[in-house]
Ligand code: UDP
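There is one chain below, alone, in structure tokens, taken in the form predicted on its own.
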């Protein structure tokens, strides 16, 4: 059973459970999405996008706002961030020389990320890299098919990355596909994550705002999201009283 937050259903899993399920998906082929409040708001205006999110093999709550939203609606969710989940998946893949393909970001970023990931996860094979600046997907798809990855990380930004994965999933051999936004810049060392104590207490968003002030306009969507969640809660309460 998934926990619905404004129409998007989230899987309530621990990190270990998510990693186990991810490797199960990898064998048969499928995709994972990692919505935050901004992505949930996007899906409210784009039914196709919402269907893609809800049709994923696993939906994990990437933003702390999702956790708060679920709590307001009377449910609980474990926060499993996309970038941390991908690291745990790669850690296990490295034990059997698993193959990873990196797609997205600006030119040279995926290559830099590849070098860092190989150093971090000894044994992992970076099967290939491509930047996110392409118009024709066919050459990219051929490279991915030829590389036979176990894990395909797609960083094109939402909703483009999720739509690309959904549109092309049947053109690729079975593998696990994940849309991870700006993760390649973090793996490459171009962006720094918040210190662990900030992340532990749910303040990663504040750290990113302090270090990237230009994100202020994106951050303003969080109060909008929480307001909509509160209104949804009030609506449900009214229905209950009416019954």
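Numbering follows the first chain given and starts at 1. Because the structure is predicted, anything quoted here is derived from the model rather than measured.
Not pictured, yet referred to below: the form predicted in complex with the ligand.
Only one of 202, 174, 195, 182 comes within 4.5 Å of the ligand in the model of the complex through a heavy atom, and that residue is 182. The partner is absent here, but in the model of the complex a heavy atom of 132, alone among 128, 132, 82, 98, sits within 4.5 Å of the ligand.
Here the chain stands alone, but in the model of the complex its contact with the ligand, taken as any heavy atom within 4.5 Å, falls in 157 to 165 among 137 to 145, 157 to 165, 118 to 126, 69 to 77. In the model of the complex, the ligand sits within 4.5 Å of a heavy atom of residue 106. The ligand is not drawn, but in the model of the complex it has no heavy atom within 4.5 Å of residue 50.
With a 4.5 Å cutoff on heavy atoms, residue 27 does not count as touching the ligand in the model of the complex; it lies far away. Looking at residue 44, you'd find every heavy atom of it more than 4.5 angstroms from the ligand in the model of the complex.
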